[in-house]
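Take a look at this single chain, the form predicted alone, given in structure tokens.
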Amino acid sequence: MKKLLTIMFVLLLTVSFAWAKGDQEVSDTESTGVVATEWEIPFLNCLTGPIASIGEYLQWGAEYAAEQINAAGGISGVPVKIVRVDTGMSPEKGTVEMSKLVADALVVMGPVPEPVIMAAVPIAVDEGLYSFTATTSFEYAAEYFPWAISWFSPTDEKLPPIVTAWAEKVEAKKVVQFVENYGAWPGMARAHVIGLEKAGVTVLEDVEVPTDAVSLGPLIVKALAQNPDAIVFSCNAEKVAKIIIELKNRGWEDMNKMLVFSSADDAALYTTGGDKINGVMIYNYNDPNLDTDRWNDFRQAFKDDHEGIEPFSLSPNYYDAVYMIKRAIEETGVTGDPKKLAEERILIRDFCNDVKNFEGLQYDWSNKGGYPADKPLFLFEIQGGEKVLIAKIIPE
């Protein structure tokens, strides 16, 4: 009899534990009040058109983040999906697509690039929809604060120190810039001048690079006529590579006295330039040789999907954006309830604009008023298609 009672007691405990566990499994999402069955995050991106190669790896980063998050249980227990919205770099298409999203999107990533930002983000601002403008300069995003976020601090604070470091290292005396009038690039070129002047460099007249330029020879002649001893590039990646090759053909030997800006850290620079760009300096926002498990996984996955090519400077931006959205949803108690759409948009906006100690793919940072002030920049020398770290600068 005693044995029978003992068995019955154990069975009762087992059933009670299973019931309690079942209650816990149900309540994990119920306790958060989550009603969403899938978190849809639209990404207005350029997947066709002139900069589709950039759009591809930005998209890749976002979708890789979603893949990792879903494998780990999703956001508040619910899977996330990155919705592809191709603008083709068309402001008109961007406005049409954004007009559709303002009705029920919780948050939006993009748009990419600047012409689409200027056309489409005002629509989002008017409707109280927060935009992750994570690849443009501070100046473009700041116009739409607090309904947009910048991944970068003000350009004239961020870029000058890294340019000063380069100019001093190579002992540049007279510098000419090739500048293409596209998006944020002229502003970046002006910031370069601040850094050059701080290093005591004589800044020569810019050489304007037309977006539709086919023959680059006359531009190179104009630059060399000013007798520079160093050159800075603020133009399209393929044009940068072609200009460097032509400069070498014309006898230029001091390769490290050429500095390439971060936006040209794109596949075309390396595929077009090949070993002809060995020794050239380039700056950007990530160190590809960082040795952490998280970065190594990302880096290897990117190389596996891109024929062995290293991740580009902007590759992690929308990967990090997805993770920031995840943290905002989970830490503010966002539910995905359509009836709470307006207030939950504000919860995400306010959290991200002043996020503290965000664990980015490459480094941690904090925001204040919609942008970070503590992100580093890196100076590299290109060798064999890879980047060798020369200096790391954290703007004050």
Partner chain sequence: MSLPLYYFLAIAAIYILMSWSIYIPYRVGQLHFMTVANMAISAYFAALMAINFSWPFWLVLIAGTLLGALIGFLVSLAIGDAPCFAVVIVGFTFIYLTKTIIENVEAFGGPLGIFSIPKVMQTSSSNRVFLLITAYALVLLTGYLIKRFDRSRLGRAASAIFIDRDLAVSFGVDVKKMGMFLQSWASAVGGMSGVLYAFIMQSISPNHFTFHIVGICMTMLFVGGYSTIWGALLAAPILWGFPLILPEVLQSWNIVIYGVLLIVVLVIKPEGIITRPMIKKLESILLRKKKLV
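Numbering follows the first chain given and starts at 1. Only a predicted model underlies this, so the values are computations on that prediction, with no experimental measurement involved.
From this point on, the text means the form predicted in complex with the partner chain, which you will not see here.
Chemist: Can you pick out, from L204, A268, L290, V96, the residue that has a heavy atom within 4.5 Å of the partner chain in the predicted bound form?
Modeler: Answer to the contact question: V96.
Chemist: Which pick from I309, M255, I194, V102 sits with a heavy atom within 4.5 Å of the partner chain in the predicted bound form?
Modeler: After the contact test, the surviving option is V102.
Chemist: Please tell me whether any heavy atom belonging to D229 falls inside 4.5 Å of a heavy atom of the partner chain, as the geometry stands in the predicted bound form.
Modeler: No - in the predicted bound form, heavy atoms of D229 and the partner chain never come within 4.5 Å of each other.
Chemist: Is E127 close enough to touch the partner chain in the predicted bound form, meaning at least one heavy atom pair within 4.5 Å?
Modeler: Judged by the heavy-atom cut-off of 4.5 Å, E127 is in contact with the partner chain in the predicted bound form.
Chemist: Please determine whether P160 contacts the partner chain in the predicted bound form, using a 4.5 Å cut-off between heavy atoms.
Modeler: No, no contact at 4.5 Å.
Chemist: Can you work out whether P154 and the partner chain are in contact in the predicted bound form, taking contact to mean some heavy atom pair no more than 4.5 Å apart?
Modeler: Contact with the partner chain, no.
Chemist: Pick from 71 to 79, 142 to 150, 278 to 286, 241 to 249: which stretch has non-hydrogen atoms within 4.5 Å of the partner chain in the predicted bound form?
Modeler: Result for this chain: 142 to 150.
Chemist: Just give me the residues of 205 to 240, first to last, that have a heavy atom within 4.5 Å of the partner chain in the predicted bound form.
Modeler: Heavy-atom contacts within 4.5 Å come from E208, P210, D212.
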